[in-house]
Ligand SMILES: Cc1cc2nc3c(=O)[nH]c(=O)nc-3n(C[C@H](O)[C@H](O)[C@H](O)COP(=O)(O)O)c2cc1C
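The chain below stands alone and is given as structure tokens, in the form predicted alone.
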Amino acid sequence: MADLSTSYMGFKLKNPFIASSSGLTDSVEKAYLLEQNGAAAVVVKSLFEEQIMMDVDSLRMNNTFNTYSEAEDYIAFYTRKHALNSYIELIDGMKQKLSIPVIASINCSSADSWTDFAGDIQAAGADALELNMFIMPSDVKMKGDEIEKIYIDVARRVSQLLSIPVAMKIHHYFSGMANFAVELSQTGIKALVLFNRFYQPDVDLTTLKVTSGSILSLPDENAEVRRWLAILSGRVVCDLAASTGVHDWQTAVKDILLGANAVQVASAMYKTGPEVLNAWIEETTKWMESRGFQSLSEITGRLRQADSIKPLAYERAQFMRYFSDAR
């Protein structure tokens, strides 16, 4: 039987399928069910800096004390502490119940908060930490390299602070994506996760209000993931994980062929249930055996750009050729 095990962030995973940070990983019971259905690791639902600060700010907005005071400082500290303690208890519970790696996740945008939370999460027993970071490039006075520097600084500081492996989940809105990703991989992080998915605004034409768009990813969204896996594989000095738009085993295999060491899954399990992972494991095994592959390592990065005799196939030239041939 083909060996689906893979190396990711220093862990030997039984297969490449990881349960992504979501509502599916917000309790011990749900995480255990994912393990029973084949998940090789779980990324715990993110602890949001914004969520914690919103709780604190709502108390300050009420301004019970009419002015900023030591009492408000105490309430702010207690609110933060309560949120962090709940998260630590969740990690501890998963560690006691699960035999697969438990990867904590922090979602925030300031370097100070990353380091404050990260140390406590490591102490709670998390096997690794995934930094889910997104700074919206919406400030017209902030240059791209200033934003990139924040990412680099955060990755370096947290990697130096912790002894557990650190991954960074990023987006692709960088002017020099390839150069930035390589530099980011040199900060000490053990993996880059491509890509995080954001709140999608929509407009309700009846109420004339801004609403939330689709929460779940769409299969087409994996195209951008595949492009950058292919370009970065063999060039970054860390592992790569695919995330977003993975709705079937075929897409997962494509991501692995282009350079992914692991594949994070959420939307497909929301739609079909966690048992979909076992089906994917079975189908991937069948496909590998039908092609004569004995191990996942034989196909990981097999089609990456760095080894391709036609590197332009991954870039804009392919787009231009497609429309040229269509005329």
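These numbers come from a predicted model, not from an experiment. Position 1 is the first residue in the sequence shown; the rest follow in order.
The next section is about a form of this same protein that is not shown, the form predicted together with the ligand.
- You can rule out all but one of 294-302, 281-289, 254-262, 38-46: in the predicted complex, only 38-46 has residues with a heavy atom within 4.5 Å of the ligand.
- Only one of 84, 147, 161, 216 lies close to the ligand in the predicted complex, with a heavy atom inside 4.5 Å, and it is 216.
- A single residue from the set 180, 195, 151, 117 has any heavy atom within 4.5 angstroms of the ligand in the predicted complex; that residue is 195.
- At a distance threshold of 4.5 angstroms between non-hydrogen atoms, residue 266 is in contact with the ligand in the predicted complex.
- Within this chain, residue 244 lines the site of the ligand in the predicted complex, having a heavy atom no more than 4.5 Å away.
- Contact check for residue 132: a heavy atom falls within 4.5 Å of the ligand in the predicted complex.
- In the predicted complex, the ligand sits beyond 4.5 Å of every heavy atom of residue 15.
- Along 145-169, a single residue, 169, places a heavy atom within 4.5 Å of the ligand in the predicted complex.
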